[in-house]
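In C-alpha cells, the next block holds one chain alone, the form predicted alone.
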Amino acid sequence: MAKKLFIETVGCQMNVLDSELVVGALRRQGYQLAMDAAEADVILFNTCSVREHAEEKIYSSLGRLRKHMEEHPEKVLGVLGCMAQKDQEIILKRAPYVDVVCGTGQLGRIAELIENARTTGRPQLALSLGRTDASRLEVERSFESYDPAREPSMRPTAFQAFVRIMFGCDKFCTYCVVPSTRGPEQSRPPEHILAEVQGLARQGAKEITLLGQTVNSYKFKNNDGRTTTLAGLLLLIHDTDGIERIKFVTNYPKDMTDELLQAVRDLPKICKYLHVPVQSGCDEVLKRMKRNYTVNYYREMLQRCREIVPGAAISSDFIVGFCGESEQAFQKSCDLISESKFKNSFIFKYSARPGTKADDLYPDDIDEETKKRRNNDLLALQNANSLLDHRAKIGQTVDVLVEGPSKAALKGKAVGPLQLTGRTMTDHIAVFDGNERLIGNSVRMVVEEATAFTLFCRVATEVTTGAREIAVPASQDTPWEEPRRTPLPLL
C-alpha cells in the first residue's frame, strides 16, 4: 500500500515552492498526498518565522497532533523551513514528539531524514551551517538536488509555476530573520533557470513567477566573465515557447535599475507589475530598520518606474508599530501611502523576532492596540486609493489569465452562471461569469464595475452569425493598453 503524505504550508511564495519540491521528492519515493493529517503516514509543516502569529499557528497545529502521534508512534511528524532553522531546540522542547526538524538549506534530504527517523526512532535534525563559505556550497548543492523535480499538483494552478532564481538575503534589515534562516544571498546559473522554465513550459505552464528574497538583486557571474542581471535573465527566458507571462517578486528599492525597468517595458511577456516594499514613510524609522535608503530616494525610484514603464502597477509593504515609531513618524507613512497611489499595499503590525538586530537593540515599545489602530488607519487610506485605481479602469478592455472558479463560487456563495477569476497583466484581480473551458486561457475582458479589491468584468465578444457570440481570446501581440488615470496607478 502506498505511503501517504500530508503537508501544510505557512508563509511566503518561497515556502509554497519549497513544499512543491518536497512533495515532488517524496512522490518519487512512492508517497501519495493525503487531504487530512489523520490519514497520513508522514505529516509535515513547512513554516515561517517572519511573524510570531505564523509560528504560534504551527505550535497550535502540533499541539492538536500530540495525542494522535502518541497513539500512532509509527508515523513521522516533521517541521521544515524557516522556523525549523531558527528554533530547532525550542521545537523539540515544546513538541518532543516531533521526529524531523529540517532547515531551509537541507530540504533536499527530506526523504532520507524521514527514513532515518522511522528506522532509528530518534529525532532527526538537519540544519544549514552559518553564513560561511561552507554554507554557500551547501545551499548551492541544495538548489539542484531538488529544484529540477517539480510537483504540478502543489502549484496554484496547473498552468502557473514559481521558479526560484536566488536564495537567501544579504540586506540584514534589523526586523528580519530571513538572512539567518535562508542563508547568504546566492544567484542560480541562468542556464539552469532557463532549463527549468523550458521544462515547466513543456508541462503546460503559461505563467511563471521568478522568486527571490530581493529578486532584483539577482546577479550571476558567468565563466566567461560576463555578469547576468535580472534584466538579462528576463531577456534569456522571454521567448520560451508556451510561456505567456513572466512576473518577479519581491524587489528591493535600491536595486530597481533603469536596465531592469526598460526590460519590463520592452518585453511583452513581462507583466507590468512591480512589488517594491518601502516599510515606512519616515527616515528615522527606515534608519532603525536598516533599509539603507531614504523616503526621498524611494519617491524618486517610484517616479522612475512610472516614467520608464508607463501604466505599471506597483505594490508595496508597510510595517506599523516598529520600535520607537511615534505618531509623527506614523503620519509620514500615511502621507506616503496617500501620495504614492499604490495599487495595493500589504500592511503588517511589527512583531519582535528573537535573533534579529531589532530585538537586541530596540524595545518593542508600541502597544498592541496602537499597532492595530495604525494598521487599520493605513489600510483605510490604501483601500481608498485602490478603489480609485480600480474605478478608473471601468470601460477598459484588459487581458485576463483565467485561473479558475472564484472564491465565492468555491464556497457556493455565487448565484447564477459559473463565476471565474483571473488576473490582468498588471496583476489586478478580475471576476466574471464564464464557461469553465476558459480556465487556463488568456481572454479579453471589459471592466464593468469595481471595488477596492476586484474588477468585475464580462468576456469581450464579437458577433458572428445570428445571435451567436464567441469569446475573443487575448493575443500575445495585442498591444498593452495604458490605464487612463494620471498619475499612473501603482500596485
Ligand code: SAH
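Worth saying up front: this structure is predicted, and the values here are computed from it rather than measured. A residue's number is simply how far along the shown sequence it sits, counting from 1.
Another form, the form predicted together with S-adenosyl-L-homocysteine, is not on view; read the next lines as being about it.
Think of it this way: in the predicted complex, S-adenosyl-L-homocysteine has a heavy atom of just one of 190, 281, 123, 277 within 4.5 Å, and the residue is 277.
Taking 167, 298, 350, 220 one by one, only a single residue has any non-hydrogen atom within 4.5 Å of S-adenosyl-L-homocysteine in the predicted complex, and it is 350. Residue contact check for residue 50: one or more of its heavy atoms lie within 4.5 Å of S-adenosyl-L-homocysteine in the predicted complex. Contact check for residue 113: every heavy atom lies farther than 4.5 Å from S-adenosyl-L-homocysteine in the predicted complex. Interface membership of residue 250, defined by any non-hydrogen atom within 4.5 Å of S-adenosyl-L-homocysteine in the predicted complex, is confirmed.
Remark: residue 245 does not count among the residues lining S-adenosyl-L-homocysteine in the predicted complex, judged by a heavy atom distance of 4.5 Å or less. The stretch that touches S-adenosyl-L-homocysteine in the predicted complex, counting heavy atoms within 4.5 Å, is 175-183, out of 71-79, 387-395, 175-183, 260-268.
Taking S-adenosyl-L-homocysteine as it sits in the predicted complex, the stretch 283-317 comes within 4.5 angstroms of it through a non-hydrogen atom at 291, 317.
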